[in-house]
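So this first bit is one chain, no partners, the form predicted alone, shown in structure tokens.
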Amino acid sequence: MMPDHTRLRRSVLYAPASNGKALAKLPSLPCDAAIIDLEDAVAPGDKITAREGLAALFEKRPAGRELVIRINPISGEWGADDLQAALACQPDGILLPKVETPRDILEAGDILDDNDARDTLRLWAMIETPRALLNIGAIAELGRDPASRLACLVAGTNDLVKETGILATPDRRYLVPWLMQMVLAARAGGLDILDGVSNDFRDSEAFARECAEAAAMGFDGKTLIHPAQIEAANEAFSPSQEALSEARGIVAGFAAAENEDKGVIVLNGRMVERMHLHQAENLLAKAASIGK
């Protein structure tokens, strides 16, 4: 199942809720979405102050920008209050850290329902622990149930490296099997899936290569830690002109009167099925969203 591309998530920038300067820059940045972070990017001594500052940001929220708030674990010291503060801001989504089982998402959804959160409020889930990977299929399956509110999975690659002890190589060779597992699960659940962050924002070539590889693996976009990474992410996760040309050809081929009832046609010497038509339409819809 392919995700709905009416929402672009090519470049999703983390912004610490405690960093007023970073938050002030958000309206001028070309990222598709932003995650206002109350968790890892905020020191323990700043948690309460950061939470209290959310309201001011959302009063002046930039139009057309998807804004998601990452809270601390609900079962921890700050999580429950974070969730209530996030609800008051009416973000587009709430990112749950350290998700390990479907119940983590269902319990958060119950809290949203008990607080009469609007139906359009989505939940995102960080996949960043070994247990989450073992349960990834069951977690992603919630995407098929609109009542769960689950819309997007986010790879927490730094935490996975830390929790498993694997070597973090530039080519991410030891992470790739797990990343592909996340993509497969996301597609089975009809969810978007975002790649984890790249820590060295100064190495633009390495970052562009990582984006290209993530796009080839099937990710919808990448989470970012610095505005300098936005342009490369947007480019990597946008359809190429060659792909768009091919998609238009497929749509036109099936639209021809002689092909309207056919399940398979021949284009440029290649067999093309209606599943390829669906893929082409999704690609063109994504390009249209980018154009807007």
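In this text the structure is predicted, and so the values were computed from the model without any measurement. Residue positions are given as counts along the sequence shown, with the first one as 1.
There is also a form predicted together with a small molecule; it is not shown, and the following applies to it.
Participant: From the list 54, 225, 48, 67, which entry has a heavy atom within 4.5 Å of the small molecule in the predicted complex?
Facilitator: For this set of options, the contacting one is 225.
Participant: Want to guess which of 249 to 257, 234 to 242, 22 to 30, 262 to 270 is within 4.5 Å of the small molecule in the predicted complex, heavy atoms only?
Facilitator: It is 22 to 30 that comes within 4.5 Å of the partner.
Participant: What I'd like checked is whether 16, 197 and 202 together line the small molecule in the predicted complex, meaning each has a non-hydrogen atom within 4.5 Å of it.
Facilitator: Heavy-atom distance to the small molecule in the predicted complex: all three under 4.5 Å.
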